[in-house]
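Shown here is one chain on its own, the form predicted on its own, set out as structure tokens.
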Amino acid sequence: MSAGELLLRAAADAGYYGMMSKLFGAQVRGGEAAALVQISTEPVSCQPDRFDLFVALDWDKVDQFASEIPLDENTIIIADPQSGPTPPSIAKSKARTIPVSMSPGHATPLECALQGKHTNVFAAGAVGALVGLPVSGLQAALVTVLGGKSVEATRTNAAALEAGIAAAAGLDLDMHLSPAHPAPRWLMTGNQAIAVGSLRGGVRFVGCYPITPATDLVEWLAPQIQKLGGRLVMAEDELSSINMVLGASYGGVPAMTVTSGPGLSLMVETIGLAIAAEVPAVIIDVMRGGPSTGIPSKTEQSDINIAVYGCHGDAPHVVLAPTSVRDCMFTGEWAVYLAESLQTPVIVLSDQALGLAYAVIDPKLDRPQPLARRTDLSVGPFKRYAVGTDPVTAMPRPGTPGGQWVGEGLTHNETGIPVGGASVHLAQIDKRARKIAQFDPGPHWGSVWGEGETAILTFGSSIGPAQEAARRLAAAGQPSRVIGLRVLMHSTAPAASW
């Protein structure tokens, strides 16, 4: 992963676009891993059909990932001969293997890494030189990736990088990229982009519980939110985290939680409370494979049913999905504005493929129009849940003179007092439904790419592959459009008519 990030940073510095997807096991820390890296003169939105270069630091457990790394007879494999023969799962691709010694003497690559010889950085240097990335860019990227490592670690890593660059010079391979057009680029993951967007939107409290593939979102967010005067609390479980979010939001602070499928399942009752009590909340759900605890390290759009239909009763809310890594920032910010202005939970469905993918993107990003929570008490006697012409009623901070109210999950009347009458129940259901139904997403409902009578309707990380399919169909004389939805639901049923 470090080698892949190093390459992408150097590529971005040189003016290229790129993306890195991650393959790793289900264990919490360590173990087998692979970084799938693409570098291009054009933006990259999905994985390729094949890889030009495969670098094996070792062959340990490669069979676990072999089917997910497409190789063919034109692929070049670089491997240390001391790691042993190419496994059958890789050899069957008929790719050409070039032996490159990545370790001195008779030491294995793992032994070299443990001794500070850093075969991963060696490999990054070799690949960077083979594709023509500037040495200065590779060196600068290494400094960034190392962060605050010790002087000795910095020295040995720099030596490994130089050794890799030198080794590439001895290989008879022409793999140089086409010239790029240098311009400012950002390198970030979808998780980081959502985090930035939420902070832009005003989130200043996050209650959360660690869960793959959403954990690194809150790891990045924790120090950043404190710089803005906010707080992130690591709760004891998902139930506690979503209830903390409602408490903070009730107190007047835009609040958010971050989870994945198993955690979202546990949060459903409190999401229903937020709908009934009309308390804003942003729920970022980075989906993974299900059901139950499923497979944490793989992507799947597994939570759409529970996000849309999970709450019992009439529970209108908003469900969004970013259309790309780049769009994660816009959608994260917009989710905060919608939750605050509509006084309801907004669920953002990202997924492992978007959340953990590193992507080089353009820094010029659109931003949604800011929307704020209504807190005024200027219209008549205050009734928190008043049934009137405007279904979005005032939500003053606790302690506001004349603005006391109860956040009640039981069926309640206009002042928040629990009641059991059918007419009052229907009036409040209608109020909440009208509040969401009158929301007009405008041009932000999604995007359309391409032309043609055939349309591919999709969302999330499926949009990138659909775009590539549409490009190939157009080249074959079958023009097609891709309709990527950002708004998946904003009423009591999925939106399907825009």
Partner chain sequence: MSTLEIAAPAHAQVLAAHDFHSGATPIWCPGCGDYGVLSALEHALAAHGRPPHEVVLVSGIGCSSRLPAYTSCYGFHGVHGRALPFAAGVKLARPDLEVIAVGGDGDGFSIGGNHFIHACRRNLDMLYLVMDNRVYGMTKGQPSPTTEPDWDSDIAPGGLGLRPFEPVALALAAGATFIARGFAGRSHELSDLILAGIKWPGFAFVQVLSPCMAFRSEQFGWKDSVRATSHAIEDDRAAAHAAAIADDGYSLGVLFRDHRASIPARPAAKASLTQIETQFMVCR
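Positions refer to the first chain, counted from 1. Model, not experiment: these values are computed from the prediction.
The discussion below concerns the form predicted together with its partner chain, not included here.
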key: One stretch from 92-100, 316-324, 232-240, 70-78 that, in the predicted complex, holds residues within 4.5 Å of its partner chain by heavy atom   = 232-240
inquiry  = Please tell me whether any heavy atom belonging to Met175 falls inside 4.5 Å of a heavy atom of its partner chain, as the geometry stands in the predicted complex.
reply    = no
request  = Considering only heavy atoms, tell me if Gly84 and its partner chain come within 4.5 Å of each other in the predicted complex.
outcome  = no
inquiry  = Within 4.5 Å, heavy atoms only: does Gly251 come near its partner chain in the predicted complex?
reply    = yes
request  = Could you confirm whether Val143 comes within 4.5 Å of its partner chain in the predicted complex, counting heavy atoms only?
outcome  = no
Contact assignment for its partner chain in the predicted complex, among Asn413, Ser302, Thr212, Gln192, heavy atom within 4.5 Å = Gln192
task = Only one of Val308, Val196, Val131, Ala386 comes within 4.5 Å of its partner chain in the predicted complex by heavy atoms, so just point that one out.
result = Val196
ask   = Is any part of 267-284 within 4.5 angstroms of its partner chain in the predicted complex by a non-hydrogen atom, and which residues would that be?
value = Glu269, Thr270, Leu273, Ala277, Val279
